[in-house]
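Next up: a single chain in structure tokens, the form predicted alone.
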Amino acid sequence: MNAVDLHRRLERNSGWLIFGILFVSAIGGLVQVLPSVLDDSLATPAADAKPYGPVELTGRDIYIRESCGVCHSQQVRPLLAEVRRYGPFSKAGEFAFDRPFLWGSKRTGPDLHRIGGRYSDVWHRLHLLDPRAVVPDSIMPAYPWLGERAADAEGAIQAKMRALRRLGHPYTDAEIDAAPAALEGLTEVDALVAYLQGLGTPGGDAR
């Protein structure tokens, strides 16, 4: 029996065909998932890595909510062209406190992993509220509502930090207690700008 005959038999038997599809899919899934589970470097923070503060953590949640990761990746690959354009390539230990990872794969806009410190807070604020005010040819949508909403309108920051502490983030009781005060009076755009400004520095250190 050759491979073609075997394939024809599988096509005629729906049960075996489904099993084969699931088996091959499981192998592909394991190849993707196992390295991140077994590789200790992803769980070992880089020397300068530290967990997000309450403002940056809130900004990160806004980044996720607004689907910024659909158009922007956060991983500079170890390729000469990438390093020249975006800065030092990303290292596993820089993402030890990222849950979930926001590496992404699509770049409608530029990679953001080394965006911290490249532009002023004012520039980022204008760019988020009205992108074409600073980049005339930008296709990025405007997010004017970010300047109108309170950063922690739901009062959930302490619950988030406690949940992350259970996952291994070294937040202290004092830091969690002080979190609401850190967000008081801030808007969502303030928090998102703080998050962007904290992304990997041009020197390659984490936040």
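These figures come from a predicted structure and were not determined experimentally. Numbers follow the displayed sequence, beginning with 1.
Quick note: we don't show the form predicted together with heme C, though the next part is all about it.
Which listed residue (Thr172, Gln32, Thr44, Ser67) meets the criterion of a heavy atom within 4.5 Å of heme C in the predicted complex? Here the answer is residue option Ser67.
Exactly one residue in Val135, Leu126, Ala92, Val83 has a non-hydrogen atom within 4.5 Å of heme C in the predicted complex; which is it? It is Val135 that has a heavy atom within 4.5 Å of the partner.
Is Leu192 close enough to heme C in the predicted complex to count, meaning some heavy atom within 4.5 Å? Judged by the heavy-atom cut-off of 4.5 Å, Leu192 is in contact with heme C in the predicted complex.
So, in the predicted complex, is Pro144 in contact with heme C at a 4.5 angstroms heavy atom limit? No, no contact at 4.5 Å.
I'd like to know whether Tyr52 contacts heme C in the predicted complex, with contact meaning heavy atoms within 4.5 angstroms. No, Tyr52 stays farther than 4.5 Å from heme C in the predicted complex.
Residue contact check: Phe101 to heme C in the predicted complex, 4.5 Å heavy atom: No, Phe101 stays farther than 4.5 Å from heme C in the predicted complex.
Interface segment, criterion being heavy atoms within 4.5 Å of heme C in the predicted complex, picked from 44-52, 174-182, 58-66, 148-156: Stretch 58-66 is the one.
Any residue of 109-131 with a heavy atom within 4.5 Å of heme C in the predicted complex counts; write them all down in order. Residues within 4.5 Å: Gly109, Pro110, Leu112, Ile115, Arg118, Tyr119, Ser120, Trp123, His124, His127, Leu128, Pro131.
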